[in-house]
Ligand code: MEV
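Below you'll find only one chain, the form predicted alone, shown as structure tokens.
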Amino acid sequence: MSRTSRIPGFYKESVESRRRLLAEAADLDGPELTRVLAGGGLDVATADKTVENVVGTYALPFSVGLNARVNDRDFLVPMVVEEPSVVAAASNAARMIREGGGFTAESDPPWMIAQVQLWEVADPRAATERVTAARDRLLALADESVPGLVARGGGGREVEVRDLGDGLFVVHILVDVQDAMGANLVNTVAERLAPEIAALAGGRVGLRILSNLCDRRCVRVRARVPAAMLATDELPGDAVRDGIVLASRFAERDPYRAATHNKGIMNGVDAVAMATGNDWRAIEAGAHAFAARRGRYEPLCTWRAGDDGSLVGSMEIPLAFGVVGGTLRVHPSARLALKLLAVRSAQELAMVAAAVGMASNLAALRALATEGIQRGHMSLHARGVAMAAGARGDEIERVAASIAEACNVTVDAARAALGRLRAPVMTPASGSADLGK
């Protein structure tokens, strides 16, 4: 049976029922899924061996993004995020994109950059010539420092030299890290090669570390949405399409808008990174640096009207995802997330994450171009407000619906609604009305 990411009505089911449906759709062991996700999936003893000064664990919602189809494959996408509406919005936008054939994505080879910085290089031109001439020897030394990576098909691939002026000299060693994120591997290479490079260039060794601007490890994604899929009750699809295109052009011209535009992309990318145990801080740093690579902060994703009247999106983003090592060794939920995804490589994981980021961006722009961002977001946010006000069980949905309908999503409004809900119902004979109505 082929895997599908379409599970209609999934959000209406109970948590237990969703777990059962998910286990069936992804061919996972149901009891194992329940056990791994219970309480955040990480026990205190394991956490204590993972980072320092542990006093407990902190859980976030583990959700599943639906409807994603990337390069003609369906993916059930694990997402860990605290912000309401992110998962629902990405799933809904992925459904629209699915109607246009799904996402098409490609990825560069998983090359990361090891930086070796030198100070006091007296003759940068001569230093460049000597380092360039020693390329093969430097790559051989790089491979010697990471034999396990070489055995898996990775290793040093290229050497680049950059003269930053005033005696500041930087050498990049490009390393194919295969299915790892690669930070530790690249740092090992940088430290091993630093003395050799300093001897060649005639400078004093400075920093030896990876760069999180992994612009040789980019993912490119395209999507097409039939205009009819964008329609709302109030607006036809072509009007919504044109509004999205105008919003995209706004981000292209204004860095203040571009920052929020890109934040919407990262809502999806980061949620996948957290679920799979990847370094979302490194991913964020690389994405935003890439957005400013031309000296002006720009949107990572743009939208245009296609020749056939559809909405066409394109995005390029550097993504350093791994499917081996790191948190995956110790966090059961991260391992479960990869089982759920069933990706075949780190590159495929990066392409799925980028697709979810694009879907998140589309959802935000469609909301902005139609009803505004708050209506849908606040209706979901209302549940959290209802719980903060003390609502429990069935009360949560009733209080949330009340304050969302009144467009007053505040704790005070939720407390008032909860008070009315809990007020005793008096019989007509007592002369009192039903205060719960």
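Residue positions are given as counts along the sequence shown, with the first one as 1. Because the structure is a prediction, the values reported are computed rather than measured.
Not pictured, yet referred to below: the form predicted together with ligand MEV.
- In the predicted complex, at least one heavy atom of residue 257 sits within 4.5 Å of ligand MEV.
- Contact between residue 110 and ligand MEV in the predicted complex is not found at the 4.5 Å heavy atom cutoff.
- Taking the partner from the other structure, ligand MEV in the predicted complex has no heavy atom within 4.5 Å of any heavy atom of residue 299.
- Ligand MEV in the predicted complex comes within 4.5 Å of no heavy atom belonging to residue 278.
- When contacts are defined as a non-hydrogen atom within 4.5 Å, none of 95, 238 and 369 contacts ligand MEV in the predicted complex.
- This chain appears without its partner; in the predicted complex, the one residue of 138, 80, 334, 365 with a heavy atom within 4.5 Å of ligand MEV is 365.
- This chain lacks the partner; the member of 313, 322, 156, 264 within 4.5 angstroms of ligand MEV in the predicted complex by a non-hydrogen atom is 264.
- Residues within 4.5 angstroms of ligand MEV in the predicted complex, judged by any non-hydrogen atom, belong to 264-272 and to none of the other stretches in 285-293, 160-168, 264-272, 302-310.
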